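Okay, here we've got a single chain as structure tokens, the form predicted alone, with questions on binding and movement later.
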Amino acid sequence: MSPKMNVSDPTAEEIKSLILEKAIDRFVRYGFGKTTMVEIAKDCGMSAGNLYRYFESKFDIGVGVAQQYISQAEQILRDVLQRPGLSPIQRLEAFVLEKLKFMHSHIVEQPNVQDLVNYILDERWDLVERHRDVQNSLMSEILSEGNRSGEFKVADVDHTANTIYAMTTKFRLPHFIKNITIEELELEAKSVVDLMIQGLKG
């Protein structure tokens, strides 16, 4: 008779999730650069050798943490597209404002995460490009909805989505928004959106 499986043993994915959770806590408190694999392993209640079974380096953990942040941001933007009762104009404004609020709450109010952001910008630009493509795809859906409703007159939705991405860059990058209150930033973002809307109406 084969031995019974211990159903309480965590899976590899559960262990990876725990490692990322503990790493986020450390990065927020001390910064990416000042955190070591030994410290993350200790926080997880495991040896550093065991930690290396799941992540080859601190930089791989950093990428995993960044991917979690990106996934959260993308889900928030997808939720905007599913939010009932919004016109395309209201959806576009909500799209810009929700991303701004996400960046402000997760990056600006957690300054020790800045060096992780810098690492991703310097070493993993592919993640930034992929996130840009997702945002542009979602924005294209909003523009297409506006064309169907008659609120917008956009000849090339993909090109226009990319232009909107460029126009709203300030509201996504920490070094542009870290010294400004969220209230001031929201007012500025709304003004930019108002200008864009005038152009989208044709």
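Computed from a predicted structure; not experimentally measured. Throughout, rigid core stands for the largest set of C-alpha atoms superposing within 1.5 Å between the two forms. Residue numbers here begin at 1 and follow the sequence given.
Below, we turn to the form predicted in complex with a further copy of the same chain, even though it does not appear here.
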29, 42, 34, 153 - the one with a heavy atom within 4.5 Å of a further copy of the same chain in the predicted complex
153
Proximity to a further copy of the same chain in the predicted complex, single hit among 70, 134, 173, 38 (heavy atom within 4.5 Å):
173
Would you please decide whether residue 48 lies within 4.5 angstroms of a further copy of the same chain in the predicted complex, comparing each non-hydrogen atom pair?
no
Since only the chain is shown here, I'm wondering whether residue 143 would be in contact with a further copy of the same chain in the predicted complex (any heavy atom pair within 4.5 Å).
yes
Using the partner position in the predicted complex, report whether residue 186 sits within 4.5 Å of a further copy of the same chain, counting heavy atoms only.
no
a further copy of the same chain contact at residue 92 in the predicted complex, heavy atom, 4.5 Å:
yes
What are the residues of 180-202, in order along the chain, with a heavy atom within 4.5 Å of a further copy of the same chain in the predicted complex?
188, 191, 192, 195, 196, 197, 198, 199, 200, 201, 202
With both forms fitted on the core, check whether the Cα of residue 72 differs by 2 Å or more between the shown form and the other one.
no
Flag for residue 121, CA shift 2 Å or larger between the shown form and the other one after aligning core
yes
